[in-house]
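For reference, the chain that follows is the form predicted on its own, supplied as structure tokens.
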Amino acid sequence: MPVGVFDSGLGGLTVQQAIAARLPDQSVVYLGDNKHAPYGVRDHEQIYELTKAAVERLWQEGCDLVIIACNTASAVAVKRMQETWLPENKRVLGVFVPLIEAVTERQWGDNSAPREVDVKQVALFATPATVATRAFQRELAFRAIGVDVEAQPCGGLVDAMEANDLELAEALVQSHVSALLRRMPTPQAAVLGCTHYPILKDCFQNALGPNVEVYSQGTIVAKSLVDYLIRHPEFAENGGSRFLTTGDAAKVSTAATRFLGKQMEFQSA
């Protein structure tokens, strides 16, 4: 069966592209809820309901395993969906846990008690809604102790990237990094807690300096998916990738082509 990849807009394409590079034969259906993007400015109930609707749409495409490649939706909706709504034969995975496992050097499924890790100061860059949930700090606390997290809500950055205004986006990165460094002058690691942000990874790295290790999610999530499919081969299926959107398919195709720098074709969901 195909694996579903969902994002509120274009950012999840960084995850889809990493999956395609790592698992070129895996069938994937990508769904962007461009009609309602961005999620980062919506309240939690709206985000939850929109995420549920998107997952149900991917079920219609045969995707019994769905990766929520939107950090805001992962932070707000995934745990609630898994605990109160998800049928037994369906799986929904978020993007936070693989990222935190990478930062804390834990292997998949390591549920041992929290322990000391080498990284003591972590900068988190995410949407205002993601930062407000404190989901990253909560999941980190399950795995590590003694880690200080300074979170920077990056207002306006997703909007600039969706509008393909990279000049504005780069200026916003500089502004947000400067704001965080005033509160945490010497972070050891920086987490890009939005799947849009890897497009600007070099910009973040330059603003933070060479001594800060920058983590972005595409390759980390793709590696985790490989591990998951080895343990759950029933979710694997060979085939190509398809791209769906709740927005205007022609406009989203053009925006996605600019976003990734390669030709992309979306269909209406």
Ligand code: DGL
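Position 1 is the first residue in the sequence shown; the rest follow in order. Quick caveat: nothing in here was measured; it's all calculated off a predicted structure.
What comes next is about the form predicted in complex with ligand DGL, which does not appear here.
Trainee: Go through 180, 194, 173, 92 and name the one with a heavy atom inside 4.5 Å of ligand DGL in the model of the complex.
Mentor: Exactly one residue meets the criterion: 194.
Trainee: With the partner left out here, check for me: in the model of the complex, does some heavy atom of residue 158 sit within 4.5 Å of ligand DGL?
Mentor: Contact check for residue 158: yes, within 4.5 Å of ligand DGL in the model of the complex.
Trainee: Does ligand DGL get within 4.5 angstroms of any non-hydrogen atom of residue 38 in the model of the complex?
Mentor: Yes, residue 38 is a contact residue.
Trainee: To test your reading of this chain, name the stretch in 116 to 124, 99 to 107, 83 to 91, 69 to 77 whose heavy atoms come within 4.5 Å of ligand DGL in the model of the complex.
Mentor: Of the options given, it is 69 to 77.
Trainee: Which residues in 164 to 182 have a heavy atom within 4.5 Å of ligand DGL in the model of the complex?
Mentor: Counting only heavy atoms within 4.5 Å of ligand DGL in the model of the complex, no residue of 164 to 182 makes contact.
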